[in-house]
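In the block that follows, a single chain appears as structure tokens, in the form predicted alone.
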Amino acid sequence: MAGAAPSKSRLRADARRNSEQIRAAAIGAFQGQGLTVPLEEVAKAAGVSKATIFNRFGGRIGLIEAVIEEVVASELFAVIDHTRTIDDVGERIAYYLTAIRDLQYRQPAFNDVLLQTYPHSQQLMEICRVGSEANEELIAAARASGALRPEFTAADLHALVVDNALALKHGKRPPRDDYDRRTIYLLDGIRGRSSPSGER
């Protein structure tokens, strides 16, 4: 019937479609540019208005929390889980630090999480808490085994990762080969004397 109001089911379907489009656009934008990407770009990619993002998700924090599992958390938690399966502590450290630095290089959003860019997001802060616990667990085991320099602490690892996040977010992005070479230098610098590569 001409001029008839849309049905409730049609409105619900439109709302679901808008939400799905926004989620997909946000995942792509956050993974490519980080969590600080202008919401106007997300809205444009989703084919909706910025106001629609606020209507559906309540703003940037709500949108981040709706997609952070796909953007960062699932991959980070997979790294942590795999790290715990490695028997040799030295290999565990090498895998973990290499994987974290790889994630930092590929995923700008991960650096925003590490830098706690949005501290009002409970999910982002929970990711930071889980990561901090993994760091402390790993460093304690590595120091006890002699795989790390005895003076190297979990706070040192945290500082190295955060410094790298700041450099990648605000500085010039290095070529991948140079970046990976520096990861090797970093690992060589923190290894203990009992590590196969730690003899000096």
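Predicted, not measured: the structure shown is a model, and the values here were computed from it. Residue positions are given as counts along the sequence shown, with the first one as 1.
The same protein also exists as the form predicted together with a further copy of the same chain; that form is not shown, yet it is the one meant from here on.
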property	result
4.5 angstroms heavy atom contact with a further copy of the same chain in the predicted bound form for residue 49	no
Heavy atom of residue 156 within 4.5 Å of a further copy of the same chain in the predicted bound form	yes
Interface membership of residue 184, a further copy of the same chain in the predicted bound form, 4.5 Å heavy atom rule	yes
is_contact(residue 151, a further copy of the same chain) in the predicted bound form, heavy atom dist at most 4.5 Å	yes
The unique member of 167, 45, 140, 61 whose heavy atoms fall within 4.5 Å of a further copy of the same chain in the predicted bound form	167
Candidate spot 163, 171 and 193, all three touching a further copy of the same chain in the predicted bound form (heavy atom, 4.5 Å)	yes
Stretch in contact in the predicted bound form with a further copy of the same chain, which is absent here, among 143-151, 63-71, 129-137, 24-32 (heavy atoms within 4.5 Å)	143-151
